[in-house]
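First comes one chain, alone, set out as structure tokens in the form predicted alone.
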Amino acid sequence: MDKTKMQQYTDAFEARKTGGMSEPLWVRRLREEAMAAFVEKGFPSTRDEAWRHTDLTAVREGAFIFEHKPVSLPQGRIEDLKKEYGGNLVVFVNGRYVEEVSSLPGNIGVTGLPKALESMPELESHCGTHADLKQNAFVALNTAFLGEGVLIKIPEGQVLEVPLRLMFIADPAIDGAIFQPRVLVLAGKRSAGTIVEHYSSAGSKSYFTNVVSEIILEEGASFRHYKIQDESKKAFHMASTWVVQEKGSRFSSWALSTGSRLMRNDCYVGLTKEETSCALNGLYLGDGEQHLDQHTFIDHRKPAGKSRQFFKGLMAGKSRGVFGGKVLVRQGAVQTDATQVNKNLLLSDEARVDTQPQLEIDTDDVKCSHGAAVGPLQEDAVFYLRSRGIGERDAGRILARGFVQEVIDAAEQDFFKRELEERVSQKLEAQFCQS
């Protein structure tokens, strides 16, 4: 990485370090370690195998602004959010947690990350421990500027009855702002809950979101994680979600990606103990010149683990989709049951998808499979609908809608299915299958 481009990050780091911000010694050491890792590696290039289909030149060459004034949401906007999504609402504006306008459930803990890091020394064993800052430049960068974000703590045996929505609203006053929130979730033994990470834009400026989420599930915990990314098409969106599962825990996730100019969504799940299970589902809808990259890594470490992956992509215009999914079954992880499926539909001659599912199995007595497909709309299906009096545009939209329905059904909870169906319908109507 060019030294002059790196300078903006090192200068911002030094300014933050000398800004008089109070923090525990372990946090300072963690941030310094992360910054050193970022300076050493810089952003990856297409020469790196995991990034060979995603060109980060626009990020690498970008000039970003780390210090920016907080923006207050109009009261009417806050009331609209509460009306639309209910009482369990955690609001972020430009990456910063806004406690005074958030509505929090009573049976779990939601604490601003700076306060949590200062008052809870036990977080040293979790924050920055699971997300690999030495191998992931964006995790390193986020950790170097650790501070903004929240800790969500579900106590042992507690059930979060109503999903908790984390609403990230980007409304920068200037072009080039960078936001780096951190989400840390600790789900206690036999607890259960659902969170929704929702990233959206309120303005028209360009900006860079770089978010890291660490989710730790203790024994017997059950947790659902939903994500909606519909940021501005001028935005860069880099996200890293790291999940650690203890014995008998269950994790499921669902990611909808429709926004941003360039997105990379990484999800790592470590099944660290016996009889754990996870299910990762996702849908990415691209058009124009969008680049949407979804990567997963499921690490089966112990026996009797179960994982399911199901992702679909629907790409139009000159957009490009990338799916990279890896399942690792380590030695001794017998009776592992893992499947991975990725299907992609191209709605234009210039759209493209690169897909690379991978299985690495180092033990016997397992059941694993993977599959991938990329192709255009089937001509005979379009012809059939047109022969029934349906126009070409409507025929394409109907077939595209049918293509995504299977993955929408995997969302499990009705409230999220309704949101998905509404957003997908809007996207198809506005930007796909146009005459």
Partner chain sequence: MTDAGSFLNKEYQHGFVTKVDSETSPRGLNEDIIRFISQKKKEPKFLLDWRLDAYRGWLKMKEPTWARVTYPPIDYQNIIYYSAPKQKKGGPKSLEEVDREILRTYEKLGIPLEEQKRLAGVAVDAVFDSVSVATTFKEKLKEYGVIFCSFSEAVQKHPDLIRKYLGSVVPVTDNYFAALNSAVFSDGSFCYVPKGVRCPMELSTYFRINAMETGQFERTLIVADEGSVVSYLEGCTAPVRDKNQLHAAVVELVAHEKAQIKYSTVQNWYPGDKDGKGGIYNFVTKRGICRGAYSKISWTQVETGSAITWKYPSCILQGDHSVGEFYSVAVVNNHQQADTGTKMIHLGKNTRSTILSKGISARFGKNTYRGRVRILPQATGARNYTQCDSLLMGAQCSANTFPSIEVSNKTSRAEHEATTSRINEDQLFYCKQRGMSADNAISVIVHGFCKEVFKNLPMEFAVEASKLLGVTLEGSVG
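Everything numeric here is computed off the predicted structure, so don't read it as measured data. Residue numbers count along the first chain shown, from 1.
If you look for the form predicted together with the partner chain, you will not find it shown, but the lines that follow are about it.
Among residues of the shown chain, Ser369 is one whose heavy atoms approach the partner chain to within 4.5 Å in the predicted complex. At the 4.5 Å threshold, heavy atoms of Asp354 reach the partner chain in the predicted complex.
When contacts are judged by a 4.5 Å heavy atom cut-off, Lys326 counts as touching the partner chain in the predicted complex. Among heavy atoms of His53, some come within 4.5 Å of the partner chain in the predicted complex.
Checking Thr363, Asn107, Gln135, Ser204 against the partner chain in the predicted complex, a heavy atom within 4.5 Å turns up for just one residue: Thr363.
Between the options Leu73, Leu359, Val98, Leu113, the residue in contact with the partner chain in the predicted complex by a heavy atom within 4.5 angstroms is Leu359. Judged by heavy atoms within 4.5 Å of the partner chain in the predicted complex, the contact stretch among the candidates 224 to 232, 286 to 294, 346 to 354, 148 to 156 is 346 to 354. Residues are counted as partner-facing when one of their heavy atoms sits within 4.5 Å of the partner chain in the predicted complex; in 273 to 287 not one qualifies.
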